[in-house]
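Shown next as structure tokens: one chain only, the form predicted on its own.
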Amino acid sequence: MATAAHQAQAPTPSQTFFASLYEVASGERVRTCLQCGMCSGVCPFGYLMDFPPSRIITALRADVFEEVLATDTVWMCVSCYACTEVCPADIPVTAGLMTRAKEELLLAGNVPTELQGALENSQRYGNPQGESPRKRADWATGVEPAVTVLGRDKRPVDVLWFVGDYPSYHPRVQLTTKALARVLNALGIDFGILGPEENSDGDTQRLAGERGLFEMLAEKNGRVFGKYQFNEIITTDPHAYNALKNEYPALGISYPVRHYTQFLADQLDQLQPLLKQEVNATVTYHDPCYLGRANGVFDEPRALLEAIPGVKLVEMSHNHATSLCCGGGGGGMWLDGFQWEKAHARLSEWRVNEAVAAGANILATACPYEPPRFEDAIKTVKEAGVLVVKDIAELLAEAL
């Protein structure tokens, strides 16, 4: 009979976690970490984390990953891709290391109550706010010409507009949604929406560690896509764009997809003659993490802004690939209370300060997480009293 010394030992938490990283695209590169610390240095909340990215890898190498699971500061990660952007070893720090660490924390029950509520709402209602799916197209009431809802109107369309959670339900972001509908109508675009059949894209839930929930939401959306005829998808939300472009195809759900700024930039020859009203303002543009850093879309939003009569475009000190995060990604949208208790600071306030320093009176956005976050920040930044937050779609609609 084999003695205990000869029996195979169960893998340690560190070994199990290391092995799981090999299931992530390029995840095996975690073994090439140079311990340069650049990932931890560029992380906006890295200074508050007991285990920022480089220390998580150190804990893995030291076979003490259980120490990471005993803390909660990994939840300060907002999945902004800054760490991935600067990694000299090309390790997928955001999508691999940090997302997997959050998944382990979820499995261990070490999850803030705020986040747990958003995840439960996503599972039950198909959106993190816990709103009724029947109300998902209510924002379109009164829009003329009437917005086509595919399940109701039963006709093919050229463009399926995947509206998203916050553009559908949040009162502030609904203004952006209506503005984009106005621009699409002005261009004569044949578009439709899913309305009550649309579910959350699930990308932020995935980056908050809920891969299973992401797959459930993606599969629901995939089944609905398959019911209707359209040529391409446009999204309001960079997170939805990222999911549909980079994550859904692995689940067998693959369609041509563009963020609305890409779509409209390709229509500039038709759009620019319609922009007749001057918007006399100094505008600075905030690059959303999942449009810019994660997917390399930098020029199209700026081209749209520069096409608006009267706009003077200026850059903040952090722009393009170095843009600061608004703080909403990776579950941060649902962790404001938790993060405030840890940091007594908000990333959105840092960004508003940069907009003021750039001399802007309009902070332009292209992500639905941002208008409410930046408008709240303006209330607490003394020098920001004259700053106004506008989505690019709103500025375009004003110029029509």
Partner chain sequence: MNIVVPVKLVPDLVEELTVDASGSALDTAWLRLIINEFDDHAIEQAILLKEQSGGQVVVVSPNAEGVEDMLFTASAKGADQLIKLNGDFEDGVNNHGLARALATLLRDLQPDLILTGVQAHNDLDGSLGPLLAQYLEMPYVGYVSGVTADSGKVVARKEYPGGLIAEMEVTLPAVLGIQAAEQPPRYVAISKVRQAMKTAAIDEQEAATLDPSGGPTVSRMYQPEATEQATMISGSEDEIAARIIDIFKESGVL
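Positions refer to the first chain, counted from 1. Keep in mind the model is a prediction, meaning the values are calculated, not measured.
What comes next is about the form predicted together with its partner chain, which does not appear here.
Trainee: Is it the case that 315, 324 and 379 all touch its partner chain in the predicted complex, with a non-hydrogen atom of each within 4.5 angstroms?
Mentor: The answer is no; none of 315, 324 and 379 reaches its partner chain.
Trainee: Examine residue 310 and determine whether its closest non-hydrogen atom to its partner chain in the predicted complex is within 4.5 angstroms.
Mentor: No, residue 310 is distant from the partner.
Trainee: With the partner left out here, check for me: in the predicted complex, does some heavy atom of residue 119 sit within 4.5 Å of its partner chain?
Mentor: Judged by the heavy-atom cut-off of 4.5 Å, residue 119 is in contact with its partner chain in the predicted complex.
Trainee: With the cut-off set at 4.5 Å between non-hydrogen atoms, does residue 272 touch its partner chain in the predicted complex?
Mentor: Residue-level check for residue 272: no, no contact with its partner chain.
Trainee: Verify the contact flag for residue 197: yes if a non-hydrogen atom of it lies within 4.5 Å of a non-hydrogen atom of its partner chain in the predicted complex, no if not.
Mentor: No, residue 197 stays farther than 4.5 Å from its partner chain in the predicted complex.
Trainee: 133-141, 85-93, 292-300, 277-285: which one contacts its partner chain in the predicted complex at 4.5 Å, heavy atom to heavy atom?
Mentor: Result of the contact check: 133-141.
Trainee: Give me the residue from 189, 213, 265, 224 that has a heavy atom within 4.5 Å of its partner chain in the predicted complex.
Mentor: By the 4.5 Å criterion, the partner-contacting residue is 213.
Trainee: Under a 4.5 angstroms heavy atom criterion, identify the one residue in 159, 106, 175, 253 near its partner chain in the predicted complex.
Mentor: By the 4.5 Å heavy-atom cutoff, the listed residue in contact is 106.
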